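Take a look at this single chain, the form predicted on its own, given in structure tokens.
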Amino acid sequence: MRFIARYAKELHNSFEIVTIYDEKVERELISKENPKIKTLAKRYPSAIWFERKISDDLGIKIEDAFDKRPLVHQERFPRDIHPLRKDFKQIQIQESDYLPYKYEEVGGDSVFQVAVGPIHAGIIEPGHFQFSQAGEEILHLEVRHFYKNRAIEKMLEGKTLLEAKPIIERISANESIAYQICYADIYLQATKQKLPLSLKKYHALLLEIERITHHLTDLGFIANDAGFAAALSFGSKLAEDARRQMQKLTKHRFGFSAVDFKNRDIDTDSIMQWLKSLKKDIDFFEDWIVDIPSLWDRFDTTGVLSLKKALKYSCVGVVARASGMAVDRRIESFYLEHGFVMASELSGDVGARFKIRIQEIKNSIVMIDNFLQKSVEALELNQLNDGEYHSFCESSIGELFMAIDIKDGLIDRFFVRDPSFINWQALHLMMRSDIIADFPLINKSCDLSYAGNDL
């Protein structure tokens, strides 16, 4: 049974702990007087971040946990404030005394620590990486994020679904379409409606364009981090072409406000011409890259994540499929009928994750061609019904999970688990026996989101 997420919500007289697995949902009510739960992390290691977040957000103690450090609360965050409690209404908080964060470190003769971040020499968001080193060899890595917590879960409390949409679709711009599809699915569940086939195909088409865009970007940057800058230029050019297609279709390069229930006409000729050109370019790119032995000397056997460890850490997306896990939310009848074939590799290294991205671009081209239609029919939405709703979508990074509770027509609890929240926790497993110079290469091969992680 695969672990997916764990979160808590405050009820009138108790807290409810919700644990999501691929086969079932478990719920546990606990007292508000002395709130505590038992850890799942001994069986599912990736549960530990969820549990530390629950502790920070709501003040619920985690019994028997191997790690009880704050997660989203930084060093000066008051330890007695829990922002997701219903009675927390403060706009500003008073900083507390500085409480040092105790990093996981390997000790011993000639072992030293290397701190990378949270500010980086590039246009990326803040994240900290603490290395224990023996010379160039990485002995251990601890990933620490949450420097840019935007309080999105709290922000959405009390909003209507329509008011929440502009915020939800901007949580992580490189997965905007995926977030919008989860949102739209929850809206349909709440109105007890189904999506017409033409709309479903249009939304799926947008999702595959988003996937292509980010896989192309990653292919260029992965090769660049191995010293082959020409691939970055080529990949960036193709990614820009994909962004322009998204803008033609949706009026926005990231597809903001693109997933809706309106009718529209589609310029299929323009898309078909782009697909034809992209197919030729990606075939050339693959032949070109495969024939560079020095590049594959860097890719192969670097950043290995075994199938056993990928399963243990409940990995998703390209990271999981490159290690042999058959995890993809598109394994269902609609996608299979429109040409979906799951990409898979076994070696679990940078090379495997690189190959997966090429395979998925080629398959996305096939699916987009099958999704194409001249027009899309509109859907008139019914009245919303209160309830608890869950949705999944396979973003370019992996399985996205979203939960929204609606009470009196307003959002009572919003929770989302970005695929990065899972995969960041497995990153340290890929570093052992590699050298620190390989860190950017391994990290980029996973293409994890900071924004989707730091709500």
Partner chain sequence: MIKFWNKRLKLGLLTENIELEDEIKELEKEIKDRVKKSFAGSLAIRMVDSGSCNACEAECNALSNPYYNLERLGIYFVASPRHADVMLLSGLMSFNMTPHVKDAYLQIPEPKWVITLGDCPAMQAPFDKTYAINAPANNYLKITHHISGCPPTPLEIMRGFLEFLRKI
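Numbering follows the first chain given and starts at 1. This one's a predicted model, so the numbers in the text were calculated from it and none came from an experiment.
Another form exists, predicted together with the partner chain; not displayed. Remarks below refer to it.
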- line: Partner contact check in the model of the complex: of 362-370, 182-190, 380-388, 162-170, the stretch with a heavy atom within 4.5 Å of the partner chain is 162-170
message: Can you pick out, from Gly339, Gly324, Pro196, Pro83, the residue that has a heavy atom within 4.5 Å of the partner chain in the model of the complex?
response: Pro83
- line: With the partner omitted here, the residue among Arg79, Arg150, Lys308, Arg264 that in the model of the complex has a heavy atom within 4.5 Å of the partner chain is Arg150
query: Hey, in the model of the complex, does Leu249 get a heavy atom within 4.5 angstroms of the partner chain?
result: no
message: Against the partner chain in the model of the complex, would Glu105 count as a contact residue? Criterion: heavy atoms within 4.5 Å.
response: no
query: Looking at the partner-bound form in the model of the complex, is Val114 within 4.5 Å of the partner chain by any heavy atom?
result: no
- request: Decide whether Pro100 counts as a contact residue for the partner chain in the model of the complex under a heavy atom distance cut-off of 4.5 Å.
  value: no
message: Is it the case in the model of the complex that Asp87, Asp269 and Leu275 each bring at least one heavy atom within 4.5 Å of the partner chain?
response: no
query: Which of the residues spanning 202-226 lie within 4.5 Å of the partner chain in the model of the complex, based on heavy atoms?
result: Phe221
